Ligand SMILES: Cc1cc2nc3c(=O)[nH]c(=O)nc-3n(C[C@H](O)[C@H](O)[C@H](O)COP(=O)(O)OP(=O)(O)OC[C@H]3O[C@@H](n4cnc5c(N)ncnc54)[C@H](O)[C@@H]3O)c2cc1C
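A lone chain, given as structure tokens: the form predicted on its own.
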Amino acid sequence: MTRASLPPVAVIGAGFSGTMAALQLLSVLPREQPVLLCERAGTFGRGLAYGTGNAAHLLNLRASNMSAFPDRPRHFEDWLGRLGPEDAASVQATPAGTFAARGLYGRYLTELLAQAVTGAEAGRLRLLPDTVTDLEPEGGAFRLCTEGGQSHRVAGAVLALGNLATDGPGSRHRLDPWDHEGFGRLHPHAPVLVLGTGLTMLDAVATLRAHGFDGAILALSRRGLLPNAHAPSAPWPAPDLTPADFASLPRLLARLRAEVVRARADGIGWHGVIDALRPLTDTLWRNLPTRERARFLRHLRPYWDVHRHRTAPPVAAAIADEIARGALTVRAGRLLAVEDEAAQAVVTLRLRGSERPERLAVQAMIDATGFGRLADSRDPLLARLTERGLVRPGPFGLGLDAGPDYRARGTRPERPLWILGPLLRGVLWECIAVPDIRNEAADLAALVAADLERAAAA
């Protein structure tokens, strides 16, 4: 095969993970090898997270941490600095840092893709707005098939599908937090139940208010924890952990609590300690024994999430105001049952501290529970890849299994199939935020290029 006929590498999913994979691959693959970026939603670069037009939906990270490129840390900040006054309302400066609207970040990513499509290497990045339904093994590569009937031979593929969707409660009154069409049809005063109290719930509340809903909102999760807000904090050095700390979850927790006490004595809040752990988190996750990781998932994960994945101060202030005036109630408990009626759903809840279940009529339920599992996914591509033994569930059923080289692991011999982003949750722990994904995308691209070069030389 000549260089002129090199088949493309496919990237499936064009949210942040897929966009970064595509851009990094363009920089390391031979100039004769294109990248085929596939997106079922038809909108490239934005994904679910950055497709919102609501200025109240702020990024959860400071602008200083949101560059798309690991070697250009100020890239996003510089881009913000070139915006006009019409975008001023979408950028909020706080004592804890500057936070931009997520829709604005989506525009940033879209511009990066546009530059790649029309720039000096125009033609190398090919956009495919269609749902990929299959990757059929063909020789040492794949035949990529789409819902619209297209077929492409590809040298390999990167799965960057984002979070697996959750099924949520089976109800005609269930609303998708990312599909805002139904929000505008709600009665402005009848109550709404939000399942989940994390970052997606915060966005759902802002979306409800933006659509004119001013009724009562009940947010329910197992522990009823809200994300903490970012706060000004000086940096703290990474703790010097020992092998014994890595081997025991209780010992590790005690060690980190002691670190927080030390930091507080120096006038530094816990935020700095948690941030200092970021480079170590995946090492901690991989080195904890399986039973200790299972304990973390059962007992500590919600507490870690609300400290690690914090929200912008203006968002936290808006939620605090909702709670203070009684418009939003956050409770710990479980959804036991749902009975659909013509204009409402009657839900049965068991709230923490209550001996008897409670029944409540709500006009809608918004599922903001977050990650799904491979076993519950109805994605046709993942189903076919699983059937062929090309992929398998990751540890604890979280996402997909992969090696340290991001190559997918299945029940059959490996093929040129890699995974990036939230689908790696379980293999990696830090794989859902921009700073982690951008670094992992660069690592993955280099490994993909090296693998394909070796395969071509064999």
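Keep in mind it's a predicted model, so treat the numbers as computed, not measured. Residue positions are given as counts along the sequence shown, with the first one as 1.
Another form exists, predicted together with this ligand; not displayed. Remarks below refer to it.
Taking the partner from elsewhere, Ala22 is found to have every heavy atom lying beyond 4.5 Å of this ligand in the predicted bound form. Put simply, Ala402 is far from this ligand in the predicted bound form: not one heavy atom of it is within 4.5 Å. Proximity of Pro422 to this ligand in the predicted bound form falls within the 4.5 Å heavy atom cutoff.
Taking non-hydrogen atoms only, Met66 approaches this ligand to within 4.5 angstroms in the predicted bound form. Partner proximity in the predicted bound form, defined as non-hydrogen atoms within 4.5 angstroms of this ligand, places exactly one of 153-161, 266-274, 343-351, 358-366 at the interface: 153-161. For the marked spot (Leu195, Arg331 and Glu430), a heavy atom within 4.5 Å of this ligand in the predicted bound form is absent from each of the three residues. Checked against this ligand in the predicted bound form, the residues Glu322, Glu77, Glu292, Asp130 give one hit for a heavy atom within 4.5 Å, which is Asp130. The partner is absent here; in the predicted bound form, the one residue of Phe296, Phe183, Trp178, Phe246 having a heavy atom within 4.5 Å of this ligand is Trp178. Residue Arg102 is the sole member of 68-102 found to place a heavy atom within 4.5 Å of this ligand in the predicted bound form.
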